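Consider the single chain below, provided in structure tokens and representing the form predicted on its own.
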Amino acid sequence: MRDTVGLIVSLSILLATCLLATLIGEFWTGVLARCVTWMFLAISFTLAYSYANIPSVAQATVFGAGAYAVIWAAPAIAGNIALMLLASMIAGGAVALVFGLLVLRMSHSGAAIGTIILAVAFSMLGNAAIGLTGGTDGLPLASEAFHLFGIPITAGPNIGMLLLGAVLLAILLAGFWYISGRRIWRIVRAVQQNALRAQVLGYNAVAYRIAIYVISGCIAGLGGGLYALVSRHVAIETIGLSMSLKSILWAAVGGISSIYGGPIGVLAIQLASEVLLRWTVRVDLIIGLMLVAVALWLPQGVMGLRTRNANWISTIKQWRRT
């Protein structure tokens, strides 16, 4: 079933973000540009968790693979952004394929523990491989004449990169809306709800779950590639466990069962953090309390408010009839 309301809400948020960037300063434009790149990461976790049934706590590792792919590829392909982003998607998808094959046959809790181990292991390897990753100092993006299909684009935290990320994200969300009404998506949902029953009906549940997880990796890799272009620098903390936990929090706040919840969660948490930093150093404590409140009163996230409101309206209508 297509979630038209969710699509409209997400696209409206993206449009408002781009319009707001024309009215605010360079700093906040950079914050919004980074937020858009993190939206890809939040969506990738939702896909992995809610549709591939893989509670991946290593999505930031996949995100970081895409970011480093852009850093490494930039000098070789002379600043061609289309090829750089393609490389980031391939890198993210390849890492997700490896992770998926390793954890797919584990139990739900076993997969979560397995991906935590993978995230920590890759972070340690990244710290050790200073020649490839720069270690804790990271690697800068090469100074190139960046272009997209011949159109010059300046990399960095600017409105051009914000618009590029927003357009790609809008295309992605619209694509999911289209596919969600097709037969292939009904099979994906059937596998997600009961893999054994789908297997009995003749569908290769393992193949579908791997495919969805690889797609989630490609999306995370694309977000990582955009992040590298916006920040012009990638440090090893990008692939760390803390970033993966942030992706879970963003998805949970927006609505972990909805593809369209991720953008809401990213903006809500990151903008609140930036504002609170100007008033107090106890930002993590306040954000933590906010997340506890969400867990208690909004277990389905912001997107779950629609279901709650629909239930209230139904209850009121039944009460009036009686």
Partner chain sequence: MSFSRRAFLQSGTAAAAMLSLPAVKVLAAGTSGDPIVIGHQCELTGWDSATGFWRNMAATGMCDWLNQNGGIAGRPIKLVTVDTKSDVDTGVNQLRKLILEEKVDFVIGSEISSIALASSKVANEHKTLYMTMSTSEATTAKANAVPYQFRMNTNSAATAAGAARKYVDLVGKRWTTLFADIKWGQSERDWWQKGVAAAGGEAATAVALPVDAPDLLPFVAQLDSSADGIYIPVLNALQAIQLLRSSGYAQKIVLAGLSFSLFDYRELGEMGEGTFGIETAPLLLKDMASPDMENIYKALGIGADGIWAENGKVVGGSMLLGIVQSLGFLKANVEQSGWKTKDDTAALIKHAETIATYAKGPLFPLGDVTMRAQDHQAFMDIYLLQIQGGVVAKYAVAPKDSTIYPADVDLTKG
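Positions refer to the first chain, counted from 1. Bear in mind the structure is a predicted one, so any value in this text is a computation, not a measurement.
Separately, the form predicted together with the partner chain exists; it is not shown, and the next lines address it.
Participant: Among the candidate residues 232, 197, 186, 147, which is the single one with a non-hydrogen atom no more than 4.5 Å from the partner chain in the predicted bound form?
Facilitator: By the 4.5 Å heavy-atom cutoff, the listed residue in contact is 232.
Participant: Checking a candidate spot here: are 14, 167 and 265 all in contact with the partner chain in the predicted bound form (at least one heavy atom each within 4.5 Å)?
Facilitator: Spot residues vs the partner chain: no contact at all.
Participant: Determine which one of 126 to 134, 84 to 92, 106 to 114, 178 to 186 lies within 4.5 Å of the partner chain in the predicted bound form, judging by heavy atom distances; exactly one does.
Facilitator: Contact-bearing stretch, as computed: 126 to 134.
Participant: Just checking whether residue 281 would be counted as a contact of the partner chain in the predicted bound form - the rule being heavy atoms within 4.5 angstroms.
Facilitator: Yes, residue 281 lies within 4.5 Å of the partner chain in the predicted bound form.
Participant: Is residue 277 a contact residue for the partner chain in the predicted bound form, using a 4.5 Å heavy atom cut-off?
Facilitator: Residue 277 belongs to the contact set for the partner chain.
Participant: Can you tell me whether residue 38 touches the partner chain? I mean in the predicted bound form, with a 4.5 angstroms heavy atom cut-off.
Facilitator: Result yes; residue 38 sits at the interface with the partner chain in the predicted bound form.
Participant: Answer for residue 160 alone: is it within 4.5 Å of the partner chain in the predicted bound form, judged on heavy atom distances?
Facilitator: It does not: once the partner chain is placed as it appears in the predicted bound form, residue 160 has no heavy atom within 4.5 Å of it.
Participant: Could you list which residues of 26 to 57 come within 4.5 Å of the partner chain in the predicted bound form, counting heavy atoms only?
Facilitator: Residues within 4.5 Å: 26, 27, 28, 30, 31, 34, 38.
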